[in-house]
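Before any questions on how it binds or moves, here is one chain, the form predicted alone, in structure tokens.
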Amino acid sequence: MNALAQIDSPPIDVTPDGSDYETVRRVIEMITLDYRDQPSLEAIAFELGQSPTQLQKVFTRWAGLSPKAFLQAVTLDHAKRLLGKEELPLLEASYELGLSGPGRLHDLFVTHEAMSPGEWKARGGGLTIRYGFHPSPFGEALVMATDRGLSGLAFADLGQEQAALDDMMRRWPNAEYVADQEMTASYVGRVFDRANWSCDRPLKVVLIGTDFQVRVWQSLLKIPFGKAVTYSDVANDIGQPTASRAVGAAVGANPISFVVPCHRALGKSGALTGYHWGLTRKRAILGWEAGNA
């Protein structure tokens, strides 16, 4: 099954820069904690030991909008507005109809397949998974792939790389793991550089999970760029309207972050709720998408 997308605006340069992300991460933490006080650019810059002009330049280049606009984009109120917009496409629409309407649409052309039930039960037995750490717009990214396509994408803060790798390896404990920076580097450009989002060369993704998890992850792939849905929406889409709690667990277990956009799934009230790689990073991704939608 294919999840097709259309890129309808010029690509924005998001060349990864670890120091830039660290600045952005700290800004997001500050404006999230001090939201009601609406901290000024000058106050934030002083706290970070940077000039307001330089901070504004770095943040705007990275996110596509100013720190003040970014704050507005990632607050819970913004998330609720996303859910309330009349033009939010229905999840039950087909891939073709749901992802081919006007305006900003889904961000990636993705071709995905699922491992068979037998392969899943083997907990990765017989699989060779290659991995590597690479800089990304959202911090250090752990990229994992089989010979059939991208199978894992996680994020790690500085010094937490081994913990991120251990976490991902526990998902498929019987697989063989091989460090391969050269092989996984090719996926980084495909995932994070919008100039490489093309229907002529779809990104191949392998979903390794239970049947229920795979159905949830396939549903997440339908959510357009810059939009959000609730766990209840996803539950309805997969035909199990009473399974919102189980859907939440499956969303949290998504092994291919960003590409399979679990960050676009919110709580019933519009709350951001949890995110396996940190709420600050979830806010960063949603804000980046809002600025580039």
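In case it trips you up, residue 1 is the first one in the sequence shown, and so on. Here the structure is a predicted model, which is why all the values come from computation and not from measurement.
Absent from the display: the form predicted together with the DNA. The rest refers to it.
Note to self: Please identify the residue among V58, A69, A246, A45 with any heavy atom within 4.5 Å of the DNA in the model of the complex.
What the structure shows: Partner contact (heavy atom, 4.5 Å) among the options: A246.
Note to self: Is T273 part of the interface with the DNA in the model of the complex - any heavy atom within 4.5 Å?
What the structure shows: Because a heavy atom of T273 falls inside 4.5 Å of the DNA in the model of the complex, the answer is yes.
Margin query: Quick check on G252: any heavy atom within 4.5 Å of the DNA in the model of the complex?
Written below: Yes, G252 is a contact residue.
Next item on the list: May I ask you to state whether Q240 is within 4.5 Å of the DNA in the model of the complex, using heavy atom distances?
Entry: Within the cut-off, so yes.
Item checked: Residue contact check: R26 to the DNA in the model of the complex, 4.5 Å heavy atom -> Looking in the model of the complex, residue contacts with the DNA do not include R26, since no heavy atom lies within 4.5 Å.
Notebook entry, point to check: Which among 183 to 191, 138 to 146, 160 to 168, 212 to 220 is in contact with the DNA in the model of the complex, heavy atoms within 4.5 angstroms?
Noted result: Looking at the other structure, the answer is 212 to 220.
Next item on the list: Residue by residue through 146 to 185, tell me which have a non-hydrogen atom within 4.5 angstroms of the DNA in the model of the complex.
Entry: Contacting residues: none.
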